[in-house]
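As a starting point, one isolated chain is supplied in structure tokens, in the form predicted on its own.
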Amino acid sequence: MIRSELIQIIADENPHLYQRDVERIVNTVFEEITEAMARGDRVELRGFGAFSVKKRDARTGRNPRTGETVDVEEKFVPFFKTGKLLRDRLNGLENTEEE
């Protein structure tokens, strides 16, 4: 699914909202997640998962084409860990938590 498909689905399920408002809401959610991660914050969406940033230390790598050693600088990469409810749903399990 791409962003425009998500916006269309939400707009279709909420006919009382204008599509441009749904688009603004979706964009705002993604921007807030991105900004939080850029600050190094963790973003947790219960039942879905958590977005965080991991630091990759500098290392010596190898150019696969030439075999020459290359210095790779440290960098930060996005990381997503699925929540239990999402994992269970992907594996065909019903909600196993007691109510």
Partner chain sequence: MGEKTLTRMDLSEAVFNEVGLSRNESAQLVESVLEHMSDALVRGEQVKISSFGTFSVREKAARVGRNPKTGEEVPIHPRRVLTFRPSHLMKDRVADGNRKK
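Positions refer to the first chain, counted from 1. Only a predicted model underlies this, so the values are computations on that prediction, with no experimental measurement involved.
Another form, the form predicted together with its partner chain, is not on view; read the next lines as being about it.
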Verify the contact flag for E68: yes if a non-hydrogen atom of it lies within 4.5 Å of a non-hydrogen atom of its partner chain in the predicted complex, no if not. no
How about L45 - does it come within 4.5 Å of its partner chain in the predicted complex, if we only consider non-hydrogen atoms? yes
Would you check, heavy atoms only and a 4.5 Å threshold, whether G61 touches its partner chain in the predicted complex? no
Is there a heavy atom of Q19 no more than 4.5 Å from a heavy atom of its partner chain in the predicted complex? no
Stretch 19-44 - residues with a heavy atom within 4.5 Å of its partner chain in the predicted complex: D21, R24, I25, V26, T28, V29, F30, E31, E32, I33, T34, E35, A36, M37, A38, R39, G40, D41, R42, V43, E44
